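Two versions of one and the same chain are coming, encoded as structure tokens; call them structure 1 and structure 2.
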Structure 1
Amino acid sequence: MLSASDLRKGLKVQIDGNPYIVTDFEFSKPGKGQALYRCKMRNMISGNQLVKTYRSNDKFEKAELDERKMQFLYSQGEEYHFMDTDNYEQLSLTKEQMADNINFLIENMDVEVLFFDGKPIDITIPTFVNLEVTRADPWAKGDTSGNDTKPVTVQTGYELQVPPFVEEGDKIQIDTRTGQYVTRVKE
């Protein structure tokens, strides 16, 4: 069992039989009385948001989650198919379960698939991915404010801002947590 003082961003807890992840956390100690823990949580199955305030003596169950290494195979319509690299068992996740991860997912990428009660509910992709630029407009010189960027599209269809020297065909590294350009990859 976990107490309210164990709450922190990223913690996975079970409330009413459903797994929740703490997405935001605020602690306050009024002059009198108990400490208060205000949490924003997301249901890991339905995606619904929950905002609740807990007192220091409230208890939680830790979510019984299992993570397995799997390989992304392909997408077909609204479904994304994965294979367990140990026993070659295959499963699929919906576009809603994938959320923003679809912007960085390429075939044969190794990911961690999160299971709750034997059902896949979420994936964790690598923090940094290398993707090829498929569309980049030429950069027009002139604005020398020092903060020049231009939009590009990578092989997954994701659009982002990059420095002007990045061209079509280049491989770039992207931080999957923020969706931002990190560096150009030398091959």
Structure 2
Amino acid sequence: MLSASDLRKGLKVQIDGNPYIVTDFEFSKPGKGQALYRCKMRNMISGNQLVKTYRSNDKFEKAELDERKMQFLYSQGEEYHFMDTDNYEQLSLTKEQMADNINFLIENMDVEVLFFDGKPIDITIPTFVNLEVTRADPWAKGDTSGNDTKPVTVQTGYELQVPPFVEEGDKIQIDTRTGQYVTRVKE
């Protein structure tokens, strides 16, 4: 069991059978009063936010979470299929569980699948991914409009702003935390 004084940013606890991650944490204690632990938490399954203030004798159960390295195979409708390359075990997550990750996911990509109570609930993809530009307007040389970026579409269908020199067929690196262009990749 964990007590309120163990609370800190990033801690994963179990509340009413759901795993929560502490996203923000503040200790306060009015003069001679009780210690209060104000937490912002995110339900790791539904994504719902929870703000709650705990007292020092409140107790928590640690959320038992496992992570396993798996490979993305394919998507079919709303389902995204992954395989454990050690034992060939397969499983799927829903589009909703995948959230923004679908913008950056390509076949054979290695990801970390997060399990709570034996069920997959989330994935972590690499921080940087290289994706191919599938649609880009040509750069009109001498363009004096002053725009220093232009929109392109990558192989996953994701659209982003890139420098004007990026062309169709180029590979670009994207920071998956921000969804932004990093650099053009030569292969």
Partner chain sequence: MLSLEGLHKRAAFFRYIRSFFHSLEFLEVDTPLRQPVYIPESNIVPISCEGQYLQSSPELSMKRLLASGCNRIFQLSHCFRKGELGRLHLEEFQLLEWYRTGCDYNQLMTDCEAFLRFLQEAMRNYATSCGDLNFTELFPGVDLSAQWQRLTVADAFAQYSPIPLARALEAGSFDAILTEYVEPCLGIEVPVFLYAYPHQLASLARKSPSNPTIAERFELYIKGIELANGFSELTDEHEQRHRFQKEIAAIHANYGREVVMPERFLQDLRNLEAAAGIALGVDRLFMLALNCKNITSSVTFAPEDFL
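Only the largest set of C-alpha atoms that superpose within 1.5 Å between the two forms is called the rigid core. Numbers follow structure 1, counted from its first residue as 1. Fair warning: this is a prediction, and the values are worked out from it, not measured in the lab.
- Of the two copies shown, the first one, structure 1, is the form predicted on its own.
- Superimposing on the larger rigid part's C-alpha atoms between structures 1 and 2 leaves the smaller part rotated by 15 degrees.
- For F25, the Cα shift between structures 1 and 2 is 4.2 Å when the rigid core is held fixed in the overlay.
- Core superposition gives E61 a CA displacement of 3.1 Å between structures 1 and 2.
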